[in-house]
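The chain below stands alone and is given in structure tokens; this is the form predicted alone.
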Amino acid sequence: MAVEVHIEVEQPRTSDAELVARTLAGDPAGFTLLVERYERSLYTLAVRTMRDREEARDATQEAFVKAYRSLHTFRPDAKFSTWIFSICYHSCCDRLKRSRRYSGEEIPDRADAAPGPEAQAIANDDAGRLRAAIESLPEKYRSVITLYHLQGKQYDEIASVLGVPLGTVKTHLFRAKEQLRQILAASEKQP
């Protein structure tokens, strides 16, 4: 009696550069794969930057549209992830500026400073406390923490995405960590 053995061979992952080239050659499936590859990470960055899920969805979609339209400007020797993160971050910044301009005032950090029951339940758990602490950071520190710790980006990539000098990235990351320590230490003392 013969036994058939099926072995699944994993296909090598197509590089970002190859997908860009396929898209530029007229194959829209290449860009679809890039969207699938980066949509979750970009959305996470947008949510942390915008602090609003609907605005984050719009900013993420806007970033992909901008990227698609200017794909011909992408340098093949560059990292696609850095390029698309930069577009997304700047889309978020543009949306924040527009909303401030139309409202005529600064956007408050929170509509209601008092935590609700859900926020209190989340705050009881360490991950919830950390998320809340990150959310309370100023946007420039929140973005650096998100890109470095949650997205795993290197200093030079973060500098490129945010359009700031490398030293500024290091300073913002240091200050963000210090503020997080202080926030978390203060929250441990509260009953």
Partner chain sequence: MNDRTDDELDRLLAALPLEEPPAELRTSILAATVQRVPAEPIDPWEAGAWGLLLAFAAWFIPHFSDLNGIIATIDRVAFALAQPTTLIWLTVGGAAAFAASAIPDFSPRIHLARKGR
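Numbering follows the first chain given and starts at 1. Since this is a predicted model, take the numbers as computed values, not measurements.
Heads up, the form predicted together with its partner chain isn't pictured, but that's what we're talking about next.
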Considering 39, 139, 52, 156, which brings a non-hydrogen atom within 4.5 Å of its partner chain in the predicted complex? 39
Its partner chain in the predicted complex reached by all of 47, 177 and 181, non-hydrogen atom within 4.5 Å: yes
4.5 Å heavy atom contact, residue 28 and its partner chain in the predicted complex: yes
Looking at the partner-bound form in the predicted complex, is residue 143 within 4.5 Å of its partner chain by any heavy atom? no
Interface membership of residue 162, its partner chain in the predicted complex, 4.5 Å heavy atom rule: no
So in the predicted complex, is its partner chain close enough to residue 65 to count as touching (4.5 Å, heavy atoms)? yes
Residues of stretch 148 to 162 in contact with its partner chain in the predicted complex (4.5 Å, non-hydrogen atom): 148, 149, 150, 153
Relative to the shown structure, Cα residue 153 and Cα residue 75 in the predicted complex (3 Å or more change) are farther
Tell me whether residue 150 and residue 67 end up closer or farther apart in the predicted complex, going by their C-alpha atoms; the shift is 3 Å or more. closer
